[in-house]
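Let's start with one chain on its own, the form predicted alone, as structure tokens.
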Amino acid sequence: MNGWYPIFLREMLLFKRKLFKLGYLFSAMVVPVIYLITFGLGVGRSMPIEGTDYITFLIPGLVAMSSMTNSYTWVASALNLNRLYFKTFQVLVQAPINPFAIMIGEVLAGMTKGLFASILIITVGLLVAPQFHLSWLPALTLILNCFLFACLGVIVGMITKSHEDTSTYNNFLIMPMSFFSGTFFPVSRMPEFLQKLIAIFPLTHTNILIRKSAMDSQGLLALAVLIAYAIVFFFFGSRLIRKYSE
């Protein structure tokens, strides 16, 4: 399992080259900040929700959405390009490295990028919403969410047949979760038949858990669902790497 570190280090060196570029920082923050301004400071300024002001409700959802998007997108896109175009993924597969080590290296890299983007949004949230705070439970949820969607990114990066296919999965998986999983409004406000469908989305349970300051029965159920998704995605992604034969 020691082979994970060179894979992780490679991704971090590539990430470091982009980290201090204005374009990267802007791209990591622009969409959540637009949502924050439009919904939080615009539409929802005077709209209380779930016993708090709307912007305090919105920020944890934006943090969850940002962690999902960045953890997933970075891994899925990079793995797809490395596998189909640059042909560097084949070097990893041919090397004497355990598939689990490859999986761990890729997932940790995706988690790091997702957490970095989330920290940017948390910083903005602390500035614009005095009531917003981050306790141990939301922090744990954030880490688990990054792990889960980085694993999903590996799966999508391995099964896509072209770089354009990643956009298709994004449109059918990531985009619906961003808007319907409780990021911008409680799921309870949706029609009942849609609530059952939305409950399938892992981001729904992230949004439930990340807004809690203490664990309760609903939080335990959400945590169990997220852990189950994380385990399934991790082992399925590892299996795809192990069975890779392109």
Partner chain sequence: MISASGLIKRYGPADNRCTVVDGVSFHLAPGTVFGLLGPNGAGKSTIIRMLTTLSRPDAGQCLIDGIDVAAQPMEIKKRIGVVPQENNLDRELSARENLMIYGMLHRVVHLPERISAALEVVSLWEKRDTVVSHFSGGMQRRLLIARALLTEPTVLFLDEPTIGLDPQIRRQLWDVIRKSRRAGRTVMLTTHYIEEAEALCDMIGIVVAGRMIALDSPENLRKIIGEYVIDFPDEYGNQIQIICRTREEAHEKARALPNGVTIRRSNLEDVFINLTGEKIE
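Numbering follows the first chain given and starts at 1. Remember, it's a predicted structure, so these values are computed and weren't measured experimentally.
From this point on, the text means the form predicted in complex with its partner chain, which you will not see here.
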TODO: Go through 104, 173, 97, 158 and name the one with a heavy atom inside 4.5 Å of its partner chain in the model of the complex.
DONE: 97
- [ ] Tell me, out of 224, 14, 25, 232, which residue has a non-hydrogen atom within 4.5 angstroms of its partner chain in the model of the complex.
- [x] 14
Open item on the list: Please identify, from 161-169, 83-91, 111-119, 144-152, the stretch that has a heavy atom within 4.5 Å of its partner chain in the model of the complex.
Closed with: 83-91
Open item on the list: So, residue 9 and its partner chain: in the model of the complex, are they within 4.5 Å at any heavy atom pair?
Closed with: yes
Task: Joint contact, 2, 242 and 245 to its partner chain in the model of the complex, by non-hydrogen atom at 4.5 Å - done: yes
